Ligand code: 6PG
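Let's start with one chain on its own, the form predicted alone, as structure tokens.
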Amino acid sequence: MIKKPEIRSYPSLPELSFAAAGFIAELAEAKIKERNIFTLVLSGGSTPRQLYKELARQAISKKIDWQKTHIFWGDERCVPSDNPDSNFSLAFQILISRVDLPPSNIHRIPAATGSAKAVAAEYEKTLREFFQPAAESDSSISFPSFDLVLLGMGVDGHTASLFPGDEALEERTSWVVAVEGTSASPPVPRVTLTLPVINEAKCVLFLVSGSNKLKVLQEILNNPHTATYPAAHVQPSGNLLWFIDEGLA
């Protein structure tokens, strides 16, 4: 049974971003109080830029225990880390470099170290090593369970680097896969978390802004059982929230 998502609408992207930052800070506080750790998966693209600025502001940043926060990425473009198209570069410049986050808590995708397949294998190894203690104590755990996965959505309904019609959508065993990305913007190879990993998250938060995404969003929210867009396949075992601006409401 598909769980009904929670939809929160805001007048503008800045207000949406401010609300999302507050939500993340509260969730981080709760998870750290509960388990002494908070695992956050960051998104790429243009929409989360304002959110990262809000998270870095003193008023929000001081509410998050960054020493106990671990940062991951949902996907990455296979470009150098100083390339403007790098998801790591975006997050590092706007957020990570401005908060007291230990380097050992930054689990980046090594996108410029080899072929996309090699990078995917290396990142899956990183994730398995991080989550291995839990896997060893519970043999039923086949995928990691992040506290929060941030996602965006493209005008074609893609999310992370899971694109319409791509075979990566059918992956059910790997945690991370390579994607050719020939139809993406920019058209470069990519690495992405798979749907089983995303759907194992305790909470998934979509940030969606822009009237050009209205038709796709309406179809996903109104027809969750039949919509075929990649974003429609995000049906986590935990909570699913959509933070949208009023142009999409």
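On a predicted model such as this, the values are computed, not experimentally measured, just so you know. Residue numbers run from 1 along the displayed sequence.
What comes next is about the form predicted in complex with 6-phosphogluconic acid, which is not displayed.
> 6-phosphogluconic acid is absent from this chain, but in the model of the complex, do P144, K202 and P236 each have a non-hydrogen atom within 4.5 Å of it?
Looking in the model of the complex, the three residues P144, K202 and P236 all stay beyond 4.5 Å of 6-phosphogluconic acid (heavy atoms).
> Hey, of 175-183, 74-82, 95-103, 112-120, which bit sits against 6-phosphogluconic acid in the model of the complex at 4.5 Å between non-hydrogen atoms?
This holds for exactly one stretch, 74-82.
> May I ask you to choose, among S46, S211, Q218, Q67, the residue with a heavy atom within 4.5 Å of 6-phosphogluconic acid in the model of the complex?
Of the candidates S46, S211, Q218, Q67, S46 is the one lying within 4.5 Å of 6-phosphogluconic acid in the model of the complex.
> So in the model of the complex, is 6-phosphogluconic acid close enough to V149 to count as touching (4.5 Å, heavy atoms)?
V149: no contact with 6-phosphogluconic acid in the model of the complex.
> Who in 81-98 is close to 6-phosphogluconic acid in the model of the complex, meaning a heavy atom within 4.5 Å?
Stretch hits: a single one, N87.
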